[in-house]
Each structure stands twice: as C-alpha cells, then as structure tokens.
Ligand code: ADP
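First, one chain by itself: the form predicted on its own, in structure tokens.
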Amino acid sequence: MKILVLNSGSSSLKFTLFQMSDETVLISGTFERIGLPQSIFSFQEFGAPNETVVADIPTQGAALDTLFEALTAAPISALADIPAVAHRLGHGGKYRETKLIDTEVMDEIRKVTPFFPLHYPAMILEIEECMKKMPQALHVAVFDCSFHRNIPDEAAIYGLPYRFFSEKGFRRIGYHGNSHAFSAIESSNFLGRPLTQLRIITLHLGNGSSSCAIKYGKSIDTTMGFTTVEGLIMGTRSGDIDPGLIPFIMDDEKLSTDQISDMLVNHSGLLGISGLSRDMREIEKAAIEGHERASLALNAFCYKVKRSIGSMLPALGACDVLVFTGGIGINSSTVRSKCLEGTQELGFIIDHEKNLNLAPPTMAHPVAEISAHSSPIRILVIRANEEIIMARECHDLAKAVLKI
C-alpha cells in the first residue's frame, strides 16, 4: 500500500509518498510561499537528486495540482494507485485519535479553527481540495495531539472552574505528538530495550518547542497546553507567562483580544526578547558578538528547557533517556550544552567533545549519542520523522477499513 502524507502550513505544503511494505520514501518535498510571487516547489524522488521549481502557486489547490503532476510523472501511474492520504492536524476537538475524515469530523475541525487562525484555514482548504481531487482515496486525519491522549486528568486540568474542563474540554492537549512518539520509538530501537521498560524525556526544540514525559511508551505529561502557546519559550510564541499579566497589559496598552493574541503568538518568544530574530542561529551568532538581548533570549530559552526537564523527572519517577530533537535540538550544540548545565548530579552527564563535534543525524541514521560513559542517563540526539508516524497511523486505519 502507498500512503501520501500531507502537512499544510499557512503558506506551505509538505508531502511524502511512502511505499509501506518497506517504508520506502518514493518522493518527498515542500511547497513554500504559496500565494506569494515566485513560490518554491522542491522535491526529491527516491535515488534521484533534489529538484527545485520556482513558479507562482496561488492556492493550496494549485499546489496539489502541481504535486499530482509530479507524482504521476514518475512514482505512480495514476492517483488511483494511492488508496489513502494522511492529513496532519494539530487539534481534533472531541477527537483524540486518528479518524477517517467525514462531514462530522470536518465540522469538529472547523469548531477549533478560532484557536489556530494561522494554520487551520489552510489545512481545511487542503483537505477539501484533496478530497475533491482524490475522491477514490480514504482521507485520514492524524492529530498531532493523539500521542498525548493518555495524560491523566490531574496533569491535564487547569485551575479554573470545573465546568471549563468538563463541559468545554479546556484541558492540556499537547502537540508535537508525532515527533515525541518517533523519538521514543527510535530511543528504544537504538538502545535495544523494549519501549515498555523505558522512562524518557523528549525535548522537541524548534520554532515551536515542547517537552514530554514518556513512561513505558505513553505520554504522561507535556509542556504545551490547550493551544500551542503554553510551555517553553519559542521562536515567536511567549510560552508560560503569568495569566494575571494579560488583562493588565491589555488595559495598559489598550489592546483588543486579537491584538494581545497576535502579540503572544507572533511577536514574543526569542523574537520578542531579542528584538532581533526568531531564528536560533541568528540569536547565537549575535550573542557571540555581544548582543545583550540576544544573550538573554538564548539563556532564557535554555533555562526554561532545563526547568521543564526538572518538572518531568518526578512525573516519571526516574529517567532512562533524554532526547533532543527538532531543528534547534539537532543543530545547536550550544543549546544542548546550556540546557544541561548544572544537571550532572541529576544524572545528565554530557560528553562535550561528542556534543560539539556532532554531525546532525540524517534520515538514514536518525540517532546519535552525546552522553558521557559515566552518565547514568543516556542522552540522545534524534532527527524527527513525523511523516512516518503519520503514515503508520494512516496505514493501520486504512487496513482496518479496507479489511486487508
């Protein structure tokens, strides 16, 4: 069975076509700058060099047309060769597990769109267009929060009146689930130990960041909440702040609800603190050059990650493995080192030479180790592959529906 995985952003579309018998990637790529002049379409077929095309791609539908032309030019002869499509979604409303998309599921997805105004309209449009263009296929919603569905109520509830939890479903949902799940599975494979025997802390660090406590294969706590703003400091998102500041800032700055939301989501985090950039590479470079606010942003980011590691330890009872993943997690030796400063007595002992000289893991070899021989806790760096987790979820559901 071939599975097409789609991941839409506000102006982007990532795709991967898998042959599930051996999980081979037949073709993968990205559309960037959708709706802007000179959109970029880059893709790579199995065993071939990467190709890039620059053209105006005005909509998600136009991106899908271009994608389907590329698919039927080489890896497949017709779209009918693809029996199922996995669509990535963050929050499924009342749905917490992979679902076959129908009218009821789409209605539920639309209900939560106000919480994700940047990404969900594009995701919904991509799903609707894809269903029109591939009516013969099963269309499957794979929710980024699914991995966190077992978080216990005491970890999920907020200290608000109970009705917000019981009636409205305002609780810790958690995101980056596919990334955290992949890291846990690859940790188990790398160490040669069953996942059901491991207690793992995973750190997905990127433009969006979150920590997760994984006990015997199940997520029991994570730093992101009902929305993707809670938790760690991120590229442009604030992470945890005193909620009492919100009405005070709104009053003081004469901000509307939309304006305060925009500030917390798009103008805070690394960008807000540094006044320079949301990109950790630029932050690190400026910090080395003596930029004080860049140094503050870097140190604050790493401190919050370190504090989150400490909060996950008692939730797990003990830790066997710590994982760095995400763009920052696999590329920044500085961040990895700073996040573990002063944690040696807790069992996190990094090999600084390995860490400094680490070549980022690849898709073919996704795991590297940076823990010292004396470290009781193994410290791994893992290149995320969220797409394969989505493909597996979709594949399992498709087999059940098609009875094969």
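Just so it is clear, the model here is predicted, and its values are computed rather than measured. Numbering starts at 1 and runs along the sequence shown.
Another form, the form predicted in complex with the named molecule, is not on view; read the next lines as being about it.
The stretch that touches the named molecule in the predicted bound form, counting heavy atoms within 4.5 Å, is 328-336, out of 131-139, 258-266, 311-319, 328-336. None of the heavy atoms of Val112 is located within 4.5 Å of the named molecule in the predicted bound form. In the predicted bound form, the named molecule lies farther than 4.5 Å from every heavy atom of Gly239.
Looking at Arg163, you'd find every heavy atom of it more than 4.5 angstroms from the named molecule in the predicted bound form.
In the predicted bound form, Ala286 stays away from the named molecule, with no heavy atom inside 4.5 Å. A heavy atom within 4.5 Å of the named molecule in the predicted bound form is found for one listed residue only; from Pro83, Gly90, Gly208, Gly272, this is Gly208.
For the options Ala294, Ala184, Met280, Val229, the residue carrying a heavy atom within 4.5 angstroms of the named molecule in the predicted bound form is Met280.
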